[in-house]
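Encoded as structure tokens, the following chain is the form predicted alone, with no partner shown.
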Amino acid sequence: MNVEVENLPNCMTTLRVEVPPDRVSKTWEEIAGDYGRHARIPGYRPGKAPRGIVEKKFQKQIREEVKKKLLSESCREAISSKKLKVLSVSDVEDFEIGEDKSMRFTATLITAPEFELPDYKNIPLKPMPADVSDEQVSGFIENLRDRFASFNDIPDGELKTDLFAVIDFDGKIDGKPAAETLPKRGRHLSEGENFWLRMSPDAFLPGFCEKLLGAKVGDTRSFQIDLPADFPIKELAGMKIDYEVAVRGVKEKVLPELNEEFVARFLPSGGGVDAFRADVRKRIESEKLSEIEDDKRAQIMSALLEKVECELPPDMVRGETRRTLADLVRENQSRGVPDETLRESQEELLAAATRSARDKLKGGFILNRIAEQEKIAVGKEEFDRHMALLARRSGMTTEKLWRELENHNGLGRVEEEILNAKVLDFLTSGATVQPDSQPGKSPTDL
């Protein structure tokens, strides 16, 4: 079999293959023989028709089966003989079976990028502090108390800083509802009912809470908010908004006392406040250890990405960018970011998704090469364990998860995730923490 290889830009390779006539003839005879044994042709008993008649009647079908069988086999053999790292077959063209039964075709392949592996052992890492301070323990406990806070009505009380106001409001710009003047931003500033507002200088709009200080339940106040020219939201910069606000409630946030009754929610076995503080410290220490390991992996990936420059398959970049962009949009929506804000930021989101996609793809290729170099692989048992863990997390049976991933070509991605994690564990175990460096930072979140 004659094979010619031409490397093209953007991780593309052209493979020109010529299959010798004897192999094509042998395959043709095998497939034509199968047709001869089972074909039903008028005037002949099954399997007794002359070969020439069978081939004439079923020539198109025989040719297609020969093409399908030999294309798959010869393409696979050609790739193996040239030791190409093929990601997918993009196209097959110029297919031809000659009169002499020779076969030719050209295959366009998407191949893994070529690059030199950098020194990936003993990567220097910046340390991350592991100590847990008393302030961190107290802060964790205060956050818990805050989550379980209650809000008490103060019927006759006046609005003061740090109290909570429950208000109805109506906002207008030049006598028109703010939503008409500012379709994108004004809807949230035009009106609200039973709107909760913490009385602080930076709440809602600058100066808004200040205008409500001293108001009581049942009071109505009218005032104007004059936004500065350097206001961070450009559409609102320099705007004057007239508000009419009715106070429906004045509430005080009350934190639960830090006593045995409170900590019993988190320590079913008992132990009191001191035992709870000790338990909180252990929790934070455990989280810190996990953060430290994540930080090490992030530093290692950052170092490897910085050391390697290579082309990436454009189709893979586009596909990964679409997935990353969808994830970014979902993440922002879950945080309450309005759709109009996302549309306004679509260029920035797309740029961030593209950078992230390229880093993810390049990082995957680097880790895969290291896995080959170090003979790191994913065994069946660890793959099955990981699938069982994913199934428990997703609340479905392993069999159902397997089917869903299989239907969406996701099993390969799961195996890739396991392999990448194993390679990063290997690299982390061999990395060197620099004791005199400043605490490291993970790559910037997108």
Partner chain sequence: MNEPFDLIQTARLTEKSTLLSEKHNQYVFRVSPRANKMQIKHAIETLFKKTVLTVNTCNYAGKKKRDKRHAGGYGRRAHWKKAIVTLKEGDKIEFA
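In this text the structure is predicted, and so the values were computed from the model without any measurement. Numbering follows the first chain given and starts at 1.
Just so it is clear, the following notes concern the form predicted together with the partner chain, a form of the same protein that is not shown.
S.K.: Using a 4.5 Å heavy atom cut-off, which of 414 to 422, 36 to 44, 385 to 393, 58 to 66 contacts the partner chain in the predicted complex?
M.R.: This holds for exactly one stretch, 36 to 44.
S.K.: Indicate whether the partner chain has at least one heavy atom within 4.5 Å of a heavy atom of residue 403 in the predicted complex.
M.R.: No, no contact at 4.5 Å.
S.K.: Verify the contact flag for residue 53: yes if a non-hydrogen atom of it lies within 4.5 Å of a non-hydrogen atom of the partner chain in the predicted complex, no if not.
M.R.: Yes, residue 53 is a contact residue.
S.K.: Residue-level question: is residue 48 within 4.5 Å of the partner chain in the predicted complex, judged on heavy atoms?
M.R.: Yes.
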